[in-house]
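The form predicted on its own is given below as one chain in structure tokens.
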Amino acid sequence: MNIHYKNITIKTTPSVYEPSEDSFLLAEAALSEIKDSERILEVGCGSGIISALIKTNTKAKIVGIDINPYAAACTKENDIDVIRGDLLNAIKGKFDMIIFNPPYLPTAKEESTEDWINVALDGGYDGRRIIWRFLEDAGNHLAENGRILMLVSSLTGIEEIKSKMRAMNYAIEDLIQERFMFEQLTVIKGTKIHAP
């Protein structure tokens, strides 16, 4: 199936998260924040739609990473450099911006399934399991004045996530938010504050 958004067309496949409101919100925030030819990493790139928008509309150098082999293949087919890996485990080097639309749905063990779509959605019992893992390592991959753009949901506890990021020396800013029937989605920017 093809998805047309703004000035791009991307292909998607059944075992890959289909771009939705959260994808488009994060894409808009990313496009508004990118400066010149920054180095950008998209974690959990899925179909590659956000990376494709960045590649087409900016001078940034973008690479994606996804644990789902079908997502990595789909992103590559959409002409984006991609690595298959779990969060940041296969990443070397530093980036000016790391973009992440994490699996954030609170999911009980009995609700979890064994398919790749579950991996894109299942955030653990409180929706923050993958977010915490990502934050533990993200700072190691940020260049000076580097920042994280992450989509979070009211289902997951936006204030809890911001509080954790502040404790990890990030300056936090809400970039964009939108309310849907059962949740509010917010893209937060975390700028790493390096101790003098």
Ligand SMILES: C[S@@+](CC[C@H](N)C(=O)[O-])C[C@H]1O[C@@H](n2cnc3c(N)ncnc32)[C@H](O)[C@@H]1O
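In this text, residue numbers run from 1 along the sequence as written. Keep in mind that what you see is a predicted model, and the values were worked out from it rather than measured.
One more form of this protein should be noted, the form predicted in complex with the named molecule, which is absent from this view; the next part is about it.
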Touches the named molecule in the model of the complex: I50 (any heavy atom, 4.5 Å): yes
Partner contact for C45 in the model of the complex: the named molecule, 4.5 angstroms, heavy atom: yes
Heavy atoms within 4.5 Å of the named molecule in the model of the complex: does G124 have any? no
Evaluate I67 for contact with the named molecule in the model of the complex, applying a 4.5 angstroms cut-off between non-hydrogen atoms, and reply yes or no. yes
Would you say all of S23, G85 and R133 touch the named molecule in the model of the complex, counting a heavy atom within 4.5 Å as a touch? yes
Hey, of 55-63, 162-170, 37-45, 139-147, which bit sits against the named molecule in the model of the complex at 4.5 Å between non-hydrogen atoms? 37-45
Given a 4.5 Å distance limit between heavy atoms, list every residue of 90-104 close to the named molecule in the model of the complex, or none if there are none. F100, N101, P102, P103
